[in-house]
Ligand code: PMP
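A lone chain, given as structure tokens: the form predicted on its own.
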Amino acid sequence: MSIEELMRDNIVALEPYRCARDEFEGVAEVYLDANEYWRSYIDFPGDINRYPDPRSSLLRKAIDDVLGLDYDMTIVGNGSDEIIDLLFRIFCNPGKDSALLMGPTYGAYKVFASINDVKVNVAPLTEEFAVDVNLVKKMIDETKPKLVFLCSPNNPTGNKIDYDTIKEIATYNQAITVVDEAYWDFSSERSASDLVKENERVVLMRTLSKAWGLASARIGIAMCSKKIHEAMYNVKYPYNVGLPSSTEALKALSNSDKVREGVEYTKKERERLVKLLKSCDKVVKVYPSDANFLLVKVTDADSIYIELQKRGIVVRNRSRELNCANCLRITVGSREENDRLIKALGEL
């Protein structure tokens, strides 16, 4: 089945809106085309009174140079959440099509599916949170999803899905396979970016919210084949990423050595925190993690969550997620923050 056949008919036939900055590229002395105001009122290193580049060209060039994601295959979104929503809007007919998730996983997939009136089916992970490939294939055959989401490293479990498993599922799946690598910087696993070049039905997602420290800037990245790339530009909001966010993202990408030092620091702290947590009486199990967080099984997640809050520490209670009874998700913070967490757990 071709990419066009997988898309909604109205998206294939869509005549997209073209904004002023789509019609003119380059530099002019006088801009009277976009109904902008002629001046700005704040001190900002850029033309904040002008609409931003709808294609985020400078940022995508930097993403190519630093992250190795091909310029011609990337699109920048207002966080990865915009990318996820776009995929549902492009490929899934409301009230008709479905998506397949590996549960437990990132909760926003299900939320965006519900917003777009798309049914969600879940292939449960094993007790150790591994992907059951045979079950996934069986559910692909039975439910015929338009979108299959693979989050690696997975949220909230923290474990990676190995490259060969992702490739096997993506090859078997004749619809769209979405590989979410939000936490990839903290992992040693091979990226699925090569699969995008081999398989036009694979979409890769990255973000600058985690390792790159730009959660507030909302910079999500999709790498995809030509037809999907074109559809995303046609469907997304014209000016979806503002100049302030792009400017800060360019600063971060130009400082990649420092960012990678930070990643190594976090990985070392992750291992130290694992050892410290295992020594706590309230901790039953610490699951392996390739992300910047740990899934921790405790004696009573609800009460410990509340007691930590009283001590000024907020973690995430994931006890209501599939196979996560009495589990807390704990982000790896600074050494001082991690020590404070361990001290608080000791006080319990």
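Being a predicted model, the structure only gives us computed values, none of them experimental. So that there is no doubt, residue numbering starts at 1 and follows the sequence shown.
What comes next is about the form predicted in complex with the ligand, which does not appear here.
**Student:** Determine which one of 222 to 230, 103 to 111, 272 to 280, 253 to 261 lies within 4.5 Å of the ligand in the predicted bound form, judging by heavy atom distances; exactly one does.
**Tutor:** This holds for exactly one stretch, 103 to 111.
**Student:** Would you mind picking the one in N240, S209, S187, N173 that has a heavy atom within 4.5 Å of the ligand in the predicted bound form?
**Tutor:** That would be S209.
**Student:** Quick one: of A249, C151, V148, C92, which gets a non-hydrogen atom within 4.5 angstroms of the ligand in the predicted bound form?
**Tutor:** Answer to the contact question: C151.
**Student:** Y183 near the ligand in the predicted bound form, any heavy atom under 4.5 Å?
**Tutor:** Because a heavy atom of Y183 falls inside 4.5 Å of the ligand in the predicted bound form, the answer is yes.
**Student:** Within a 4.5 Å heavy atom cut-off, is D81 in contact with the ligand in the predicted bound form?
**Tutor:** Answer yes; at least one heavy atom of D81 falls within 4.5 Å of the ligand in the predicted bound form.
**Student:** Report yes if any heavy atom of N155 sits within 4.5 Å of a heavy atom of the ligand in the predicted bound form; otherwise report no.
**Tutor:** Within the cut-off, so yes.
**Student:** Would you check, heavy atoms only and a 4.5 Å threshold, whether K267 touches the ligand in the predicted bound form?
**Tutor:** Taking the distances in the predicted bound form, the answer for K267 is no, it never comes within 4.5 Å of the ligand.
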